[in-house]
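Given next, in C-alpha coordinates, is a single chain: the form predicted alone.
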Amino acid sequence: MKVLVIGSGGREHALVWKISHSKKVKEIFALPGNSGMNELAKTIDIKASNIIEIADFAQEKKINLTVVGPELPLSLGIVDEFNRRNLKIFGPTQKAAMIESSKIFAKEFMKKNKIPTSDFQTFNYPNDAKEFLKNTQFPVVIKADGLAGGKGVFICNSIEPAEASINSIMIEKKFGKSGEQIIIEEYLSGQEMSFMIISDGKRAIPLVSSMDYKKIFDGDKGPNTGGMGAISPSPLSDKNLYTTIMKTIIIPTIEGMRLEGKEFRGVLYAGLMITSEGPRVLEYNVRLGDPETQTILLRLKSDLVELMEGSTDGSLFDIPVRWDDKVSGCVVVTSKGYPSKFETDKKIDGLERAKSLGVEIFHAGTILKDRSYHTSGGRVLNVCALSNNLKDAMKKIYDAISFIGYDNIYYRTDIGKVKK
(Lines give C-alpha, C1' and ligand atoms only; values in the text may rest on other atoms or scores of the structure.)
Protein backbone atom coordinates (compact mmCIF):
# COMPACT_ATOMS: atom_id res chain seq x y z
CA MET A 1 0.00 0.00 0.00
CA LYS A 2 0.95 3.67 -0.38
CA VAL A 3 1.05 5.91 2.71
CA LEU A 4 1.23 9.71 2.85
CA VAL A 5 2.51 11.46 5.98
CA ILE A 6 1.66 15.16 6.36
CA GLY A 7 4.11 17.37 8.23
CA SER A 8 7.78 18.30 8.37
CA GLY A 9 9.05 17.86 11.92
CA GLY A 10 10.72 15.26 14.09
CA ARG A 11 7.37 13.67 14.90
CA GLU A 12 6.65 13.14 11.21
CA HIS A 13 10.14 11.74 10.58
CA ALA A 14 9.51 9.26 13.41
CA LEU A 15 6.13 8.35 11.86
CA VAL A 16 7.77 7.76 8.47
CA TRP A 17 10.44 5.61 10.17
CA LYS A 18 7.86 3.48 12.01
CA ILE A 19 5.53 3.17 9.02
CA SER A 20 8.50 1.98 6.93
CA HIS A 21 8.70 -1.08 9.22
CA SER A 22 5.20 -2.24 8.19
CA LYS A 23 5.16 -5.21 5.82
CA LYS A 24 1.98 -3.78 4.31
CA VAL A 25 3.67 -0.60 3.05
CA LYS A 26 5.42 -0.42 -0.33
CA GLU A 27 5.79 3.34 -0.79
CA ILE A 28 5.79 6.36 1.54
CA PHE A 29 5.31 10.01 0.64
CA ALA A 30 5.97 12.92 3.05
CA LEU A 31 4.43 16.31 2.51
CA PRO A 32 6.22 18.68 2.75
CA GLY A 33 8.60 16.43 4.71
CA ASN A 34 12.21 17.30 5.49
CA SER A 35 15.62 16.33 4.18
CA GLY A 36 16.15 13.66 6.82
CA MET A 37 13.20 11.64 5.51
CA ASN A 38 14.61 11.23 2.01
CA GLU A 39 16.02 7.74 2.62
CA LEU A 40 12.56 6.43 3.55
CA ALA A 41 10.04 8.61 1.73
CA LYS A 42 9.52 10.77 -1.32
CA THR A 43 9.12 14.36 -0.14
CA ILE A 44 6.51 16.51 -1.88
CA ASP A 45 6.67 20.32 -1.83
CA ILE A 46 3.10 21.10 -0.81
CA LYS A 47 2.30 23.09 2.34
CA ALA A 48 0.52 21.16 5.10
CA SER A 49 -2.14 23.90 5.20
CA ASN A 50 -3.12 23.49 1.53
CA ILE A 51 -5.73 20.81 2.10
CA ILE A 52 -7.29 20.87 -1.39
CA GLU A 53 -3.93 20.41 -3.12
CA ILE A 54 -3.05 17.62 -0.66
CA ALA A 55 -6.33 15.83 -1.37
CA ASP A 56 -5.74 16.21 -5.12
CA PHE A 57 -2.29 14.65 -4.71
CA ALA A 58 -3.64 11.74 -2.64
CA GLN A 59 -6.34 11.10 -5.24
CA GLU A 60 -3.92 11.27 -8.16
CA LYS A 61 -1.35 8.95 -6.52
CA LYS A 62 -4.02 6.54 -5.23
CA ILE A 63 -2.79 6.88 -1.63
CA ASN A 64 -4.22 4.11 0.56
CA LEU A 65 -3.76 5.88 3.91
CA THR A 66 -2.92 9.46 4.85
CA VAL A 67 -1.51 10.22 8.29
CA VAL A 68 -1.75 13.79 9.61
CA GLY A 69 1.06 14.90 11.92
CA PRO A 70 0.41 18.56 12.89
CA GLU A 71 -2.79 20.09 14.22
CA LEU A 72 -3.22 22.89 11.65
CA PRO A 73 -4.53 20.82 8.70
CA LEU A 74 -6.86 18.97 11.09
CA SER A 75 -8.29 22.27 12.33
CA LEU A 76 -8.75 23.37 8.71
CA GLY A 77 -10.87 20.30 7.93
CA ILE A 78 -8.53 18.06 5.93
CA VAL A 79 -10.26 14.92 7.22
CA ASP A 80 -13.63 16.25 6.05
CA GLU A 81 -12.19 16.94 2.59
CA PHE A 82 -10.70 13.44 2.37
CA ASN A 83 -13.96 11.87 3.59
CA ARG A 84 -15.87 13.69 0.84
CA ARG A 85 -13.57 12.02 -1.70
CA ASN A 86 -13.70 8.58 -0.04
CA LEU A 87 -9.97 8.79 0.74
CA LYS A 88 -8.78 7.03 3.91
CA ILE A 89 -7.19 9.40 6.45
CA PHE A 90 -6.10 9.00 10.06
CA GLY A 91 -7.29 11.86 12.25
CA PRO A 92 -10.37 13.68 13.59
CA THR A 93 -12.84 15.80 11.63
CA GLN A 94 -12.80 19.59 11.91
CA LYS A 95 -15.63 19.50 14.47
CA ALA A 96 -13.84 16.92 16.60
CA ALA A 97 -10.54 18.82 16.28
CA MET A 98 -12.15 21.77 18.11
CA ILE A 99 -11.15 20.07 21.35
CA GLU A 100 -7.64 21.34 20.57
CA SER A 101 -8.25 24.28 18.22
CA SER A 102 -10.45 26.05 20.80
CA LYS A 103 -9.33 25.89 24.41
CA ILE A 104 -12.59 27.55 25.43
CA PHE A 105 -14.61 24.78 23.76
CA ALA A 106 -12.40 22.19 25.50
CA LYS A 107 -12.79 23.73 28.96
CA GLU A 108 -16.55 24.09 28.62
CA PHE A 109 -16.77 20.53 27.29
CA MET A 110 -14.85 19.26 30.34
CA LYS A 111 -17.07 21.22 32.71
CA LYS A 112 -20.23 19.86 31.09
CA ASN A 113 -18.96 16.26 31.15
CA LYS A 114 -17.51 16.49 34.69
CA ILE A 115 -13.97 15.77 33.46
CA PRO A 116 -11.47 16.93 36.11
CA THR A 117 -9.66 20.14 35.17
CA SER A 118 -8.81 23.52 36.70
CA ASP A 119 -11.29 26.32 37.41
CA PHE A 120 -11.37 28.92 34.64
CA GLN A 121 -12.87 32.11 33.25
CA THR A 122 -13.05 33.18 29.60
CA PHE A 123 -12.66 36.73 28.26
CA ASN A 124 -13.36 38.53 25.00
CA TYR A 125 -11.88 41.89 26.02
CA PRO A 126 -8.50 42.71 27.59
CA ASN A 127 -9.88 45.22 30.11
CA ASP A 128 -12.34 42.66 31.49
CA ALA A 129 -9.52 40.16 31.89
CA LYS A 130 -7.33 42.73 33.70
CA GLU A 131 -10.19 43.65 36.01
CA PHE A 132 -10.61 39.98 36.90
CA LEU A 133 -6.93 39.79 37.85
CA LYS A 134 -7.40 42.37 40.62
CA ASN A 135 -9.41 39.91 42.69
CA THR A 136 -7.78 36.62 41.79
CA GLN A 137 -5.18 34.48 43.50
CA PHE A 138 -1.77 34.02 41.88
CA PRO A 139 -0.19 32.20 40.17
CA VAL A 140 -2.60 31.96 37.25
CA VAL A 141 -2.34 30.45 33.79
CA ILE A 142 -3.30 32.59 30.78
CA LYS A 143 -3.98 30.90 27.45
CA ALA A 144 -4.83 32.06 23.95
CA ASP A 145 -8.01 30.32 22.81
CA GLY A 146 -6.73 29.09 19.45
CA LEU A 147 -3.71 27.29 18.07
CA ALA A 148 -0.37 28.86 18.95
CA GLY A 149 2.22 26.18 18.24
CA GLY A 150 2.58 25.28 21.91
CA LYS A 151 3.61 28.85 22.78
CA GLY A 152 0.26 30.45 23.74
CA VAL A 153 0.38 29.54 27.44
CA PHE A 154 1.72 31.88 30.14
CA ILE A 155 2.21 31.04 33.82
CA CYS A 156 2.07 34.31 35.75
CA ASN A 157 3.07 34.72 39.42
CA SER A 158 1.86 38.31 39.82
CA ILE A 159 -0.37 40.91 38.20
CA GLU A 160 2.35 42.66 36.15
CA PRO A 161 3.39 39.69 33.98
CA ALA A 162 -0.26 38.63 33.78
CA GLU A 163 -1.25 42.00 32.32
CA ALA A 164 1.74 41.87 29.96
CA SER A 165 0.60 38.43 28.74
CA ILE A 166 -2.92 39.73 28.11
CA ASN A 167 -1.49 42.66 26.16
CA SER A 168 0.74 40.35 24.13
CA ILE A 169 -2.14 38.03 23.20
CA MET A 170 -5.11 40.40 22.81
CA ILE A 171 -3.67 43.83 21.97
CA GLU A 172 -0.35 43.13 20.25
CA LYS A 173 -2.00 40.06 18.64
CA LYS A 174 1.11 37.89 18.93
CA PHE A 175 -0.94 34.85 17.90
CA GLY A 176 -3.30 36.58 15.47
CA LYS A 177 -6.91 35.41 15.55
CA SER A 178 -5.99 32.65 18.00
CA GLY A 179 -5.79 35.34 20.68
CA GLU A 180 -9.15 37.02 20.13
CA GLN A 181 -10.37 35.23 23.26
CA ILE A 182 -8.40 34.07 26.26
CA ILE A 183 -8.78 31.83 29.29
CA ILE A 184 -7.52 32.65 32.75
CA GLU A 185 -7.37 29.50 34.82
CA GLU A 186 -6.31 28.19 38.18
CA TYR A 187 -2.68 27.11 38.44
CA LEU A 188 -2.35 23.41 39.23
CA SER A 189 0.59 22.02 41.20
CA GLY A 190 1.98 18.55 40.62
CA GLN A 191 3.82 16.68 37.90
CA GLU A 192 2.92 16.72 34.22
CA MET A 193 2.20 13.56 32.27
CA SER A 194 1.32 12.90 28.64
CA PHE A 195 -1.39 10.29 28.06
CA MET A 196 -2.28 9.41 24.47
CA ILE A 197 -4.84 7.02 23.04
CA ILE A 198 -5.97 5.95 19.59
CA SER A 199 -9.73 5.95 19.13
CA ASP A 200 -12.11 4.71 16.45
CA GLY A 201 -14.94 6.87 17.81
CA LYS A 202 -16.21 4.32 20.30
CA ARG A 203 -13.20 2.50 21.70
CA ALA A 204 -9.86 3.78 22.99
CA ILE A 205 -6.53 1.97 22.92
CA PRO A 206 -4.02 3.67 25.25
CA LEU A 207 -0.45 4.18 24.10
CA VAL A 208 2.34 3.79 26.65
CA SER A 209 2.78 6.80 28.91
CA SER A 210 5.41 9.48 28.43
CA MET A 211 6.62 12.69 30.03
CA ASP A 212 7.82 15.73 28.14
CA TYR A 213 9.96 18.69 29.07
CA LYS A 214 8.47 21.90 27.70
CA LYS A 215 10.61 24.66 29.22
CA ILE A 216 13.62 25.91 27.28
CA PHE A 217 16.20 25.82 30.10
CA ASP A 218 17.48 23.16 32.50
CA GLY A 219 15.50 22.81 35.71
CA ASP A 220 12.29 23.66 33.85
CA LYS A 221 13.11 27.36 33.66
CA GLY A 222 12.20 29.92 31.03
CA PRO A 223 9.40 30.07 28.46
CA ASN A 224 7.42 27.13 27.09
CA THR A 225 8.55 25.58 23.83
CA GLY A 226 7.11 22.97 21.49
CA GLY A 227 9.10 20.44 23.56
CA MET A 228 12.77 19.98 24.50
CA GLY A 229 12.75 16.27 25.24
CA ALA A 230 10.73 13.32 26.50
CA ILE A 231 10.95 9.96 28.21
CA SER A 232 8.74 6.87 28.16
CA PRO A 233 7.28 5.49 30.35
CA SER A 234 6.38 8.36 32.65
CA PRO A 235 7.85 7.72 36.11
CA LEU A 236 4.41 8.60 37.49
CA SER A 237 2.67 5.79 35.68
CA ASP A 238 1.15 2.90 37.62
CA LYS A 239 -1.86 0.64 37.25
CA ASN A 240 -4.13 2.60 39.60
CA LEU A 241 -3.36 5.93 37.94
CA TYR A 242 -3.86 4.38 34.49
CA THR A 243 -7.29 3.06 35.55
CA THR A 244 -8.29 6.44 36.99
CA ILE A 245 -7.24 8.32 33.84
CA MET A 246 -9.16 5.96 31.57
CA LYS A 247 -12.29 6.01 33.77
CA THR A 248 -12.50 9.71 34.65
CA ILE A 249 -10.92 11.37 31.60
CA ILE A 250 -10.48 9.31 28.44
CA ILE A 251 -13.74 7.32 28.31
CA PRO A 252 -15.93 10.35 29.27
CA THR A 253 -14.14 12.41 26.61
CA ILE A 254 -14.67 9.89 23.78
CA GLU A 255 -18.28 9.27 24.84
CA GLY A 256 -19.01 12.98 25.36
CA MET A 257 -17.70 13.86 21.90
CA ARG A 258 -19.77 11.08 20.34
CA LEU A 259 -22.93 12.33 22.06
CA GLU A 260 -22.24 15.86 20.76
CA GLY A 261 -22.08 14.58 17.18
CA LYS A 262 -18.30 15.06 17.07
CA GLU A 263 -17.22 11.41 17.00
CA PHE A 264 -13.50 11.31 17.64
CA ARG A 265 -11.25 9.16 15.47
CA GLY A 266 -7.48 9.39 15.58
CA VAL A 267 -5.11 10.27 18.41
CA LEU A 268 -6.39 12.02 21.50
CA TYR A 269 -3.62 13.45 23.65
CA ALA A 270 -4.48 14.46 27.20
CA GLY A 271 -1.87 16.71 28.76
CA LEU A 272 -2.32 16.00 32.46
CA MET A 273 -1.22 17.40 35.79
CA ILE A 274 -1.00 14.69 38.43
CA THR A 275 -2.06 16.60 41.55
CA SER A 276 -2.47 15.49 45.15
CA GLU A 277 -6.19 15.13 44.37
CA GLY A 278 -5.65 13.03 41.25
CA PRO A 279 -5.16 13.66 37.51
CA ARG A 280 -6.45 16.91 36.00
CA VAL A 281 -6.57 17.83 32.29
CA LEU A 282 -4.38 20.77 31.33
CA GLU A 283 -5.27 20.57 27.64
CA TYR A 284 -6.24 18.24 24.84
CA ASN A 285 -4.40 17.73 21.58
CA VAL A 286 -5.84 15.90 18.60
CA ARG A 287 -2.57 14.49 17.29
CA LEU A 288 0.53 12.79 18.53
CA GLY A 289 2.75 14.88 20.78
CA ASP A 290 6.18 16.05 19.68
CA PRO A 291 8.66 14.80 20.95
CA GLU A 292 6.68 12.25 23.03
CA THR A 293 5.80 10.38 19.83
CA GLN A 294 9.44 9.66 19.16
CA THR A 295 9.86 7.88 22.50
CA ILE A 296 6.56 6.00 22.21
CA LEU A 297 7.19 4.72 18.67
CA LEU A 298 10.59 3.37 19.72
CA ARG A 299 8.70 1.10 22.15
CA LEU A 300 5.85 0.04 19.82
CA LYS A 301 6.30 -3.54 18.61
CA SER A 302 2.95 -3.78 16.79
CA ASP A 303 2.29 -2.57 13.24
CA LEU A 304 1.43 1.13 13.49
CA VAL A 305 -0.32 1.07 10.11
CA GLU A 306 -2.74 -1.62 11.32
CA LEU A 307 -3.61 0.52 14.34
CA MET A 308 -4.25 3.56 12.18
CA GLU A 309 -6.39 1.58 9.76
CA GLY A 310 -8.36 0.18 12.70
CA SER A 311 -9.07 3.72 13.86
CA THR A 312 -10.27 4.90 10.45
CA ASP A 313 -12.33 1.73 9.85
CA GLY A 314 -13.93 1.58 13.30
CA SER A 315 -12.36 -1.82 14.02
CA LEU A 316 -9.84 -1.16 16.80
CA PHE A 317 -11.14 -4.07 18.88
CA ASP A 318 -9.53 -6.46 16.35
CA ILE A 319 -6.03 -5.01 16.73
CA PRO A 320 -3.58 -6.43 19.29
CA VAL A 321 -1.00 -3.98 20.64
CA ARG A 322 2.44 -5.05 21.88
CA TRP A 323 5.02 -2.86 23.60
CA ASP A 324 8.70 -3.18 24.41
CA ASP A 325 9.35 -3.18 28.16
CA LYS A 326 12.50 -1.11 27.65
CA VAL A 327 12.77 2.61 28.43
CA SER A 328 13.15 5.28 25.76
CA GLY A 329 14.32 8.88 25.76
CA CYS A 330 14.59 11.80 23.35
CA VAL A 331 16.55 15.06 23.48
CA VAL A 332 15.68 17.90 21.13
CA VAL A 333 18.70 19.73 19.72
CA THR A 334 17.84 23.31 18.78
CA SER A 335 19.16 26.57 17.38
CA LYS A 336 20.28 28.89 20.18
CA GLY A 337 17.62 31.57 20.70
CA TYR A 338 14.66 29.25 20.13
CA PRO A 339 11.73 29.70 20.88
CA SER A 340 12.37 33.38 20.05
CA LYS A 341 14.81 34.63 17.42
CA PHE A 342 17.45 32.28 16.08
CA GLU A 343 19.80 31.94 13.10
CA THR A 344 19.62 29.16 10.50
CA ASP A 345 21.74 27.74 7.68
CA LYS A 346 24.43 26.41 10.03
CA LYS A 347 26.30 23.33 8.71
CA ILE A 348 25.73 20.23 10.87
CA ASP A 349 28.69 17.92 11.51
CA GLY A 350 28.99 14.53 13.19
CA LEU A 351 25.64 12.93 12.38
CA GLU A 352 27.08 9.64 11.11
CA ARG A 353 29.41 9.29 14.08
CA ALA A 354 26.51 10.01 16.44
CA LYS A 355 24.31 7.40 14.74
CA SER A 356 27.06 4.78 15.12
CA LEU A 357 26.34 4.75 18.87
CA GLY A 358 22.98 3.08 18.22
CA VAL A 359 20.65 6.07 18.52
CA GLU A 360 17.84 7.09 16.20
CA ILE A 361 18.12 10.63 14.87
CA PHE A 362 14.92 12.20 13.61
CA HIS A 363 15.27 15.44 11.66
CA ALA A 364 13.05 18.44 12.38
CA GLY A 365 14.56 21.69 11.11
CA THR A 366 17.20 20.61 8.60
CA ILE A 367 17.87 21.05 4.91
CA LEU A 368 20.32 19.17 2.67
CA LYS A 369 22.69 21.49 0.78
CA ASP A 370 25.86 20.48 -1.08
CA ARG A 371 25.68 16.95 0.42
CA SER A 372 25.64 18.37 3.97
CA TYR A 373 22.78 18.99 6.37
CA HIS A 374 22.21 22.57 7.51
CA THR A 375 19.88 23.97 10.16
CA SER A 376 16.57 25.39 8.92
CA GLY A 377 14.47 25.79 12.06
CA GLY A 378 14.33 26.24 15.82
CA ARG A 379 14.07 22.57 16.72
CA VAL A 380 16.72 20.94 14.54
CA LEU A 381 17.20 17.28 15.52
CA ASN A 382 15.71 14.68 17.86
CA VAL A 383 18.26 12.26 19.25
CA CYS A 384 16.48 9.20 20.68
CA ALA A 385 17.40 5.84 22.18
CA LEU A 386 15.92 2.69 23.69
CA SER A 387 17.64 0.85 26.53
CA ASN A 388 17.06 -1.40 29.53
CA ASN A 389 16.88 1.56 31.91
CA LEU A 390 16.53 5.33 31.74
CA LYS A 391 20.09 6.07 32.85
CA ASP A 392 21.58 4.01 30.02
CA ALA A 393 19.18 5.45 27.43
CA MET A 394 20.03 9.04 28.36
CA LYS A 395 23.79 8.33 28.47
CA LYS A 396 23.63 6.89 24.98
CA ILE A 397 21.72 9.98 23.76
CA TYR A 398 24.05 12.55 25.34
CA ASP A 399 27.14 10.66 24.17
CA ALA A 400 25.75 10.81 20.63
CA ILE A 401 24.93 14.53 20.90
CA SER A 402 28.54 15.21 21.94
CA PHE A 403 29.57 14.26 18.39
CA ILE A 404 27.05 16.64 16.74
CA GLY A 405 28.20 20.16 16.07
CA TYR A 406 26.97 23.37 14.45
CA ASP A 407 27.15 27.08 15.24
CA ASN A 408 24.73 28.10 18.01
CA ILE A 409 23.80 24.53 18.99
CA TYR A 410 21.65 24.32 22.14
CA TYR A 411 19.93 21.55 24.10
CA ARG A 412 18.87 20.84 27.64
CA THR A 413 21.29 18.72 29.64
CA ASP A 414 18.78 17.41 32.20
CA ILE A 415 16.27 15.42 30.11
CA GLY A 416 15.52 12.20 31.95
CA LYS A 417 15.74 13.75 35.39
CA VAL A 418 12.42 13.33 37.14
CA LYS A 419 10.74 16.62 37.99
CA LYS A 420 10.00 17.06 41.71
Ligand SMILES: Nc1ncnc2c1ncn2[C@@H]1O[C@H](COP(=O)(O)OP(=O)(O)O)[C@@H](O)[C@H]1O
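Only the largest set of C-alpha atoms that superpose within 1.5 Å between the two forms is called the rigid core. For every residue, the number given is its place in the sequence shown, counted from 1. On a predicted model such as this, the values are computed, not experimentally measured, just so you know.
Quick note: we don't show the form predicted in complex with this ligand, though the next part is all about it.
The candidate stretches are 278 to 286, 157 to 165, 126 to 134, 232 to 240, and the one lying within 4.5 Å of this ligand in the predicted bound form by heavy atoms is 278 to 286. When this ligand is considered in the predicted bound form, residue 303 lies well away from it, no heavy atom lying within 4.5 Å. Contact check for residue 323: no non-hydrogen atom falls within 4.5 Å of this ligand in the predicted bound form.
Contact annotation for residue 181: none of its heavy atoms lies within 4.5 Å of this ligand in the predicted bound form.
Heavy atoms of residue 118 reach within 4.5 Å of this ligand in the predicted bound form, making it an interface residue. None of 188, 87, 250, 307 but one reaches within 4.5 angstroms of this ligand in the predicted bound form through a heavy atom, and that residue is 188.
The partner is absent here, but in the predicted bound form a heavy atom of 141, alone among 254, 76, 141, 205, sits within 4.5 Å of this ligand. When contacts are defined as a non-hydrogen atom within 4.5 Å, all of 103, 153 and 273 contact this ligand in the predicted bound form. Shown here without this ligand, the chain has only 214 in 207 to 227 lying with a heavy atom within 4.5 Å of that partner in the predicted bound form. Taking 2 Å as the criterion, residue 76 does not count as shifted between this form and the one not shown: its C-alpha moves by less than this amount when the rigid core is aligned. Residue 150 shows a C-alpha shift of 2 Å or greater between this form and the one not shown [criterion: core-superposed Cα displacement of 2 Å]. Comparing the forms between this form and the one not shown on their rigid core, the Cα displacement of residue 263 stays under 2 Å.
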